[in-house]
Every structure is written in C-alpha cells, then in structure tokens.
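Shown next as structure tokens: one chain only, the form predicted alone.
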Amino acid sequence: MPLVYGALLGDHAEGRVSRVTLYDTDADRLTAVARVLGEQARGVADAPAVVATGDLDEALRGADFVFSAIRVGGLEGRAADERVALGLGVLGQETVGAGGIAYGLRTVPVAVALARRIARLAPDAWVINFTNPAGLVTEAMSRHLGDRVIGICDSPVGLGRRIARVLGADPARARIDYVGLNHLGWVRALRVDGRDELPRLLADPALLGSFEEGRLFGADWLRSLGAIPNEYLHYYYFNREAVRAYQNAERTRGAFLRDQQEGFYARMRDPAAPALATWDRTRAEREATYMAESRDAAGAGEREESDLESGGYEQVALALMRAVARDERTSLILNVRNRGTLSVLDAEAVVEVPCLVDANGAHPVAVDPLPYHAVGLVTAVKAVERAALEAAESGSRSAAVRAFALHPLVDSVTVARDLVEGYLEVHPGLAYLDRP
C-alpha cells in the first residue's frame, strides 16, 4: 500500500485520487500502515486524505477503485503450505504448484464473498486485484464482477524493463509481446519503433548473461525456446533443482517473510519508531531476497541494483486508474477475461496479456497463437484452476484432489490425496471441503 500511495502522491493532475481508505482485519497492521502513509504525505500540500477503518462496508461505500490485497491464513498459512508440500517432495511456492493450489483453495471463498459485497455496496467501482494466485482469484471474482475486476502483477513489467535496458532501448517506448497466464507467460518479441529486437538478444550469449532471467534459465535454454519466460517458469523448467533448493534452505520463503513481518509490526508498536524508514528497510530486504532459492539453484547470483527499484505494481496500478478515470488511454499487461484472445481457452478464462485500457476498462489485444509447448502448460494449469474453483464452489474434496493431481508439478494422484489431507490438518479454513 505505501508504494501505491507514493505513486498517488506524485499525481497532481485534475481528477486525481483525493481520498484513500485503509481497511484491515488487524488493528495493529492498520495503525502501522496508516503511520507510514502519514509520513509519506508530509510536505505534500495536495496529498490524498487517508482514513483507516475496521468496517469493510464503510470502506467500500462510494469507492471508485477497490484494491484487493489479502492473505487468507496470513504468512503462517504460507509457511504451512510450503512445509506440507516439501514434506511430500513437491514444490510449495505460494503461486506455483501445490502451495499455490492450497493458497487458492483458502482464498477463493473469501475473495468471492468480497466480490459479492463490492457488487452490492459499490457496483460502479473498478476492482484491482493484487491477491495471489492472481489469475485464479481474478477469475473467481470476475464471475460476480465481470470485467470490472482486473488483476495486476509486476513480473511482466519487470521482465520487459530488464530486456529493454539490456538492448539499450527505452522501456517506455518498447512494446512487449507477452502472453500466458499469471506467473506462466513468455516474452516472444520486444518491438522498438516497429522492429523486433528480441532476436538480437537471443543471438548474443553475453547479453543473455547480463540480466536476471538470462542467468536464471541459461542462454542455451532461452535460445532453444526462442522466447524469454517469466521468472516463475524456472519452477517448471528446473523443478527438481528448485525443490531441492527449497528443501535445503534454512527457512522457507514463507517462514522468512512471517518472521520479518512480525518483526516489522513489533517495531511499529513503538510510537517513536520512524514508520517510513522502518517500512523501507523491510521492503528492501524482501526485494533483495526475492526468489533467492531459485537464483542459488541456477547459480544466478545476487539481484541487480536496478531490479530492486520500485515502479512495478504501483505504476501499473496508477496507469490503470488514470486510463479508466480520465480516459488516458494506455497499453498494459493485465489479467483479464480471455474473450477469444487465446484460442485454446474459453472466453471466461482469465489470461495475462497486453491490453488497451480506456474509460471502458481493459481490452485484450490480439496475439499470435501459442507454440505447442506453451499450449500444454497453459491448458494444464487452467484445468487446475478450474478444478480449484469447482472445489471452492461446491466443497468437493475430490475436485480438490483433482486440482492437485492435474498440476504438472505434482507427479502422483497418491501425492495429491496426501496433499489434501495434509492441508486439511493445518488449515481450518479448508474445513468446507467436506463433500465427496
């Protein structure tokens, strides 16, 4: 939220956001983040007013935009997702594989209830979904909000920016051909003044080794694909190495973040603590350690300084709001309903593709067909998402098992059954899975 508020502080145009309402179920978190925003606003004469409330209905009424960023089960839930999966020898990452399915099964019922509430209290609001797994949650909410819910992710933005910089191009002028699902997409072209510069990158081993994804995947594999994958595809292409790295880590990512966040909020209980500086240090540590296990497994080294800059989620969100509220037309990579963009998926499937955005919302643009290797992964993972949605809607335990068993990173129906049982033991929020 402080990143988004920081972006709003830099917007001084007519029709800008004038009021931000913070809502949280935890009073300590609410107070801490309100303090951070208060320090950010010092000296900014036209800073948007900030109101904090523990009443969700109050927060929603009259809203033009609703940001949904929730973590059902908290970071302890994420740590448990990882622990159960790794104990069965499969990946527990929060959006990919078993961990992502468990997170989705906990989150979808809550996200759907929120969507229904928004439809009732703020029917004209646009919902910007940050909640992971972003594609799955956005699709669940779209069944109640239609095209008024849009999912955003900074991974494609960061990838496009890194490729453009390596090629000596201005990221603001580059047009990225990116297509797939959330955390499952590929850059297939990067055009500057109409010319595709990606072949030049793929032909140069030195250039490929000079940025994060090049080191993560290796030049030979990228040339073989003829594309640059989203960083999360490392979990698919190098699954054994990723699982081994997570198993050997001192703490899982979820456990690290749980401890880090607990430390942040404990420090913020001191009224004298410098709120913004404390938050900045916490965020910097989070960014520096992002995907550390995968980088270690690939020998990719530390993150570059440029990769630690802000300008991801918050700039996408600001551009999206400007386009919708002020008809400042723009092109963004977003999670939206397919509407025939990818022929291998139905119209209601949420995909992550370039969109033209205006006052009427986000409109996916036509893209070239997926290559067969991508078709296999995209359709398999969409089948997993649909099974998870079915389980969340019906309470069917067999649908939940199917969601795990169909995932490319879960290699056995027996393991899928064990995952469901393991998650039921540690997550009271999954008790609704009580039908055959």
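Note that residue numbering begins at 1 and tracks the sequence as displayed. Only a predicted model underlies this, so the values are computations on that prediction, with no experimental measurement involved.
Here the subject shifts to the form predicted together with ligand G6P, a form of this protein not shown in this document.
Stretch 153 to 161 is the contacting one of 153 to 161, 215 to 223, 264 to 272, 167 to 175, since its residues have non-hydrogen atoms within 4.5 Å of ligand G6P in the predicted complex. Among residues of the shown chain, Y290 is one whose heavy atoms approach ligand G6P to within 4.5 Å in the predicted complex.
Residue contact with ligand G6P in the predicted complex: R253 places a heavy atom within 4.5 Å of it. Under a 4.5 angstroms non-hydrogen atom cutoff, ligand G6P in the predicted complex lacks A242 among its neighbouring residues. Mapping the unseen interface onto this chain, Y232 counts among the residues with a heavy atom inside 4.5 Å of ligand G6P in the predicted complex. Across the proposed site, Y23, L60 and R322 without exception lack any heavy atom within 4.5 Å of ligand G6P in the predicted complex.
A heavy atom within 4.5 Å of ligand G6P in the predicted complex is found for one listed residue only; from A349, L332, L257, I118, this is L257. Between ligand G6P and the residues R286, R326, R191, H363, the one pair within 4.5 Å by heavy atoms in the predicted complex involves R286. Residues from 182 to 200 that approach ligand G6P in the predicted complex with a non-hydrogen atom within 4.5 Å are limited to H183.
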